[in-house]
Structures are given as structure tokens and as C-alpha cells.
Ligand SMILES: Cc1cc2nc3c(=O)[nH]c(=O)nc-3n(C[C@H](O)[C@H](O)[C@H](O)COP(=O)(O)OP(=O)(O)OC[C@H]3O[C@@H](n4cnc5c(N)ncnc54)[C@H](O)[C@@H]3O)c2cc1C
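Below sits a lone chain in C-alpha cells, taken as the form predicted on its own.
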């Protein structure tokens, strides 16, 4: 493995520490990924407040870094990450309710926000029932169910872009299938505008969505969610099943017997195993159906 590059000077480390940041060197990324795969990051910084985030972004903009949510939709390299991984904690996990609005920090759990909405009789976020990860990551990737996305309920988003804080209204953001126009931003807070649950049916919808995920997805094994986006007019999982790929295994990575669009870590999978399997799936589907798969899982190289 390539030696760690010291991309943060001592003075900045001291300043961030005084602002409440936790700074880890050579942190194993397998500990921060639902896939349980990944080598070490040069630096891993937990940022608990706005002042610390501004200080960090102002000083590292010229270096390689990435913001990590819950790590539920990412595949890290076996060689780790040559740069800085940033995760938002502390005040970025706060959740506030005001009538039909919920203001959630980017580091808050999606399921915690859904629970808060339920307790306050608000509906709209049932589409993310059972979805793991953080609010920031969910909004960034426009997570949701087959017919409804979280972006539909976003009123505004607070972000940092080029180390400058901005507040983007919903009409300034483009939400599409499993993506948004927030790719170059660091999301800090999201305001959701929901509706009052006048029919008292939100609990039923949450149960249905969660139950469907439990039945159809291999949630009992380490995975990173859907590997591919659904091609227009098709189901990626069904195409993989029709190609007789379910259950196929390379090393410790296996195409789930339960859902064709999931790859599971059977215990000792490497990033190389997963990538080899992803390429096999792409090539097979292209050859058999002349359909090009696009990965949904974020593949993060070491450098």
C-alpha cells in the first residue's frame, strides 16, 4: 500500500481539535461502510459544528477529500483513500419540528427523521422507510422507493460550496432518479415540508415499505444497497435474474440469492471481488439484452 500522504499540517490539526473535531490517521474504512470493505484513509475527521466545518473546508479545498454519510451506498478501494474523509456529527445530527416543517442536520439518521415525522403526525417521508444512512446522503442521491423520492419533500437545503455557505430553495435544485444537482456541495441541513396525516395511514405505509424491503432485500448480510440504477422501462434485479446470475460468486462477493441487484459480502470480500463481479454483470446484461447498466453504488478509488 502507498504510504500515507500528510495532507494536513500540524497547526490545522490543533485548530480543528480545539473546535471539537476528532481526527483519526490511517482509519480503516471497512469500519465506516455497510459493505465492510475498504483499506485505510489518510485522515478521517468527525466534525461536530458549523465553525469547525468552515475552518476545515477553508483550509483543505485544494486537497482531495470527500464527505461520508452513513456509508451505506459506497464501495471503498482495498488500498484505502489517499486524502481526507469527512463525516458530520454533533449539531449536524439535530432534528427540529415547526408545524409541518422538519429541519434536519445532514448527519441525522434518515430513520430518526422518519420517526420524528410519525410522532408529529406528518406524512411524506414514508418512501424512505427502511432506507439506511444519513439525511445528507439521502438527499444528495435522492433516495426513495420505486414511485416516490425524498427530493419531492425538500423545501430548502443549506450547503457549503467553495467554502461559502448558501441556502438553496427547492426551485434551485434539480432532483432526478437517484441523483441531484448537489454533487459539488457539502450539505449541512435540509428543511422538509410535509403534510398532516389526516387519514392516519402513515404507519401503514411505513410498515408496508419496510416489510417489502425485508422480504426482497438481503438485509441480514453486509451490502451497499442496489448496485445498479434501473434502466428506463426495466428492473435491474429482474434482468440479472433472467440472465441466471443470482447466486454467482467471485471470492467473497456474491450476487444475492434474494435480490439480483444486490451484492453481499459473505465475510471476506474485497473491493476487487466486488468490482470484478460488477463488470461481469455489466458485460452479461449488455451481451444478453443490449442494455447498459449504470452503477448506483458510489465506487471510491484510492487516489
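Residue numbers count along the first chain shown, from 1. Note that the structure is predicted; figures quoted are calculated from it, not measured.
FYI, the form predicted together with the named molecule isn't displayed, but the following is about it.
Participant: So which of 96-104, 163-171, 181-189, 113-121 is the stretch with heavy atoms within 4.5 Å of the named molecule in the predicted complex?
Facilitator: It is 181-189 that comes within 4.5 Å of the partner.
Participant: Closest heavy atom of residue 131 to the named molecule in the predicted complex, within 4.5 Å or not?
Facilitator: Yes - in the predicted complex, heavy atoms of residue 131 and the named molecule come within 4.5 Å of each other.
Participant: Are any of the heavy atoms in residue 83 no more than 4.5 Å from a heavy atom of the named molecule in the predicted complex?
Facilitator: Flag for residue 83 set to no.
Participant: Is residue 302 near the named molecule? Define near as a heavy atom within 4.5 Å, in the predicted complex.
Facilitator: The answer is no: residue 302 has no heavy atom within 4.5 Å of the named molecule.
Participant: Can you tell me if residue 213 lies within 4.5 angstroms of the named molecule in the predicted complex, counting non-hydrogen atoms only?
Facilitator: Contact with the named molecule, yes.
Participant: Exactly one residue in 266, 59, 49, 34 has a non-hydrogen atom within 4.5 Å of the named molecule in the predicted complex; which is it?
Facilitator: It is 34 that has a heavy atom within 4.5 Å of the partner.
Participant: Looking at 45, 239, 278, 68, which has any heavy atom no more than 4.5 Å from the named molecule in the predicted complex?
Facilitator: Filtering the options by heavy-atom distance leaves 68.
Participant: Could you list which residues of 142-171 come within 4.5 Å of the named molecule in the predicted complex, counting heavy atoms only?
Facilitator: In sequence order, 143, 144 come within 4.5 Å of the partner.
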